[in-house]
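The structure tokens that follow cover one protein chain in two forms, given apart as structure 1 and structure 2.
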Structure 1
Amino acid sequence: MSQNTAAALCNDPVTPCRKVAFVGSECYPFVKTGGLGDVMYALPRALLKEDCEVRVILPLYNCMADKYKKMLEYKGSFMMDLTLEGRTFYVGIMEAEMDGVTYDFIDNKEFFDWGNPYTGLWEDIPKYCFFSKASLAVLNYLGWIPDIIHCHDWQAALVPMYLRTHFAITPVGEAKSVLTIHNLRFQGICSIPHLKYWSGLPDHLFHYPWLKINDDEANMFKGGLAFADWITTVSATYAQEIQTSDFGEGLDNHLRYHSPKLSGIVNGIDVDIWNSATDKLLEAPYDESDFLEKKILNKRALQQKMGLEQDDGKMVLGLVSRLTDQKGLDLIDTIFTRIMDGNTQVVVLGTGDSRYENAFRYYESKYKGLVSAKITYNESIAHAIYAGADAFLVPSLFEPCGLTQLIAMRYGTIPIVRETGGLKDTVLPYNPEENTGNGFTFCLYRPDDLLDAVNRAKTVFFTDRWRWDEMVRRDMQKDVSWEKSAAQYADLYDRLSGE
């Protein structure tokens, strides 16, 4: 859309001024494995208030709960060619509408009938080649041509490439593309012949400026980043970090080259879902005015639910996380016995590497009544921890944005975080001189530095409760909503669609 047309539509009270298609591999409440799912849900809703019309395009995974499958309405189907041989595949479109956002699910049993939703890269590469190409074909089929196609992570990274090749002279080829990096660790790397075969992309794209990373391998994220009209990542600090060899996951050179079209916009959280005053999953909902009386009721309920001693005097540390190296769990593991001083309890919720799952199971059996580890994925326990814990651990090795510290703050649970990525941008360190800040932070990735931060938190919790409670109130009042960031995305969309 030209700038003039966009401006004309903006003055029209009934026509939204920007049309945006979101393309990504997961979206709460349909399918969620991590923060990407939260963003795919919350950002489109926030964009509605920025005068955008948003469609979210997702795979129709078989693992989606029946109650959501029942919401879907058949919108049409067609055959699409994929692969070097031009094999044809069925593309079905199943649609749902929720609170003003349209969700189009791409149906194909061959690709999406198994997995949770990810399986292994060997199968995931064909799955997301199909998904990326089908997303554009669906937009053409529906005749809904967006100004912006906003793609998320490596699974949707081929969209900008298809847009400028197979779809360049089709209606959707008019759109501009934005590719957001939620986590650079996962890139969609495989052998060149495997990606060549499945993507069907032309040979000349399998060179170093685009998909190729070495003599044998191609990288979907790398190609997408080169072709996208703009790249965003989910915090300003991570946008800088990924241009360094420590955080660039092998793409730092590529990202430095493309840095003129790279910016960081911090994530928010959906403050309607994450609202301690209305949260139906809580024992006792609370807000800034009554947290002193009510938060303790949630703490007791959490202790009971998790099989811990019910003791108001203990400090409860919470952890809700994927249990992987990224999350700094080796630091926690190293200092665990030193955290356990008789006055501290630890509650853990998460799944992931067996090394960490087993470590937390072990601590649970070693410190009966003081440590509880639920090795599972469970939304309701997560809410109970955010509300019932006193402090919340996020000592990540790297953290593009991180949502759990935002949720913890919103629920008045004080974060203890490492100063990296979005953690650095969202948690201001406690300053005892000025009585400011939102949590306890440490800089270097060292176990003793985490222990020091935990001990600083304990000191304030046990010896200066008044200041602790002031920090709780400050955190609950902090703006962690999507409002400001959605406005920044809308500005970016305007800039791009005006070009």
Structure 2
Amino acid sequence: MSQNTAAALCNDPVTPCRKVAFVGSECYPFVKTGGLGDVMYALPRALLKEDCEVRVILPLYNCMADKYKKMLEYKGSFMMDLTLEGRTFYVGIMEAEMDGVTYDFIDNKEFFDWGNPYTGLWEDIPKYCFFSKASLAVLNYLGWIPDIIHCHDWQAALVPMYLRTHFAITPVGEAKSVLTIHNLRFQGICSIPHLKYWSGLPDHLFHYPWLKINDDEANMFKGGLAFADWITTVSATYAQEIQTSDFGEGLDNHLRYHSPKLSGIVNGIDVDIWNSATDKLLEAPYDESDFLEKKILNKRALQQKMGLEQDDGKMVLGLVSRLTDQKGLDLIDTIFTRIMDGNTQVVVLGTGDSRYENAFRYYESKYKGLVSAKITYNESIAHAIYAGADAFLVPSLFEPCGLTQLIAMRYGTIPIVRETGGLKDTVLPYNPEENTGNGFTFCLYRPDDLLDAVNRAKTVFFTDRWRWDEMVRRDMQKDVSWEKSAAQYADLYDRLSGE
């Protein structure tokens, strides 16, 4: 949808048009360090189909590739006060339009000319105080007043607070705010004087129950969650988990208090990028109608690419992940030798903690031809693993949503996951009596429980192959796109705008 089409919809008395501003610290393809960048790219595009006009507001980082900087058009500038003493800073606006979505980049070399894009919490606090306040000032300057301002993670958490304080009696103050938790582990915690100075927010907000978390520290996420009109997480299960002491990262009491305005909407994936039928990185593209003939060709290509024995009869387990404790790598490490039964191969792609990098290098040398570990990230290899592996491991300690299990299902690779967060919401456990489900799951975070799930998958793969193939077909037919999620967000926006 073009901007003209979006504008026409807004002027159509029959078709209501919601104006939504996204505020976040990164967005593919301009700058991306994780899943947040994918969401900031894909969800606005999906919302266009829900009769939304969308702008995405981002920092103009110096680390952004030149080819994207050349797309930008200067839209104006102004000076904005910040800090307790009211220092003024330059706010430039550079704009681009892509696939019907308008992207407004906030330009300030003092804040955004260093970092990739993040540096360290002490340095990043001033950066995102400036960014949060400038985002609202830019909307006023442009005269584009949204119905909803959708903020993402701690870097944009001060937006709801500024909205109800400094901008309360300005045009943008009429908007409602949504704050999405992508990963609660990162919260923007710093000393009270540091945040008080750079934010310039009123003194009373640095007490309980707003920003203050102890006698010395303030928490940007905590304040934003309190002031937001609605809070979402990236899965329904994660919305419940973060209200417990195990997953609440110190904010479980705060989130239980605000639970009436808290809900979960699971993420999707870009089904144009992740499409086994059109994927040019694959040896043999395929879909649910011909995967029996084509997927085996990708398996052979993966074995060759990764230096594994060429054997159609082996079960290939894939892992594409950050190599950290959160991803359940300690469970895999504990049971690894028991997985290797002579009929199994393991392929690993990722970087992270040296403990796990070295462990997988060791297993590769111990099980030559059966284990291959690429301690890097390579897009071509990732696609090859999703298409060529038989099953995919995601035994996470916690997983707010998770994207790898969705991609694996899209490619007909059966996920083996722990029942947490978005993994629980998206992977239905296999039921042999009813021949239903789309993966193998385990509940308790224990090595033997993961091993049991792997062995259950092996049993079906080696002894009930027709049931396995039916599960592959079900997974490939499963809707993992953004469309359903976008419709849920549009309904939420409607409810908030009508209040």
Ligand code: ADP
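All residue numbers here follow the sequence of structure 1, with the first residue given the number 1. The term rigid core refers to the maximal set of C-alpha atoms that superpose within 1.5 Å between the two forms. Only a predicted model underlies this, so the values are computations on that prediction, with no experimental measurement involved.
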Only one structure is the form predicted on its own, namely structure 2
Per C-alpha superposition, the smaller rigid part rotates against the larger one between the two structures by an angle in degrees of 10
Superposed on rigid core, G369 CA travels between the two structures a distance in Å of 4.6
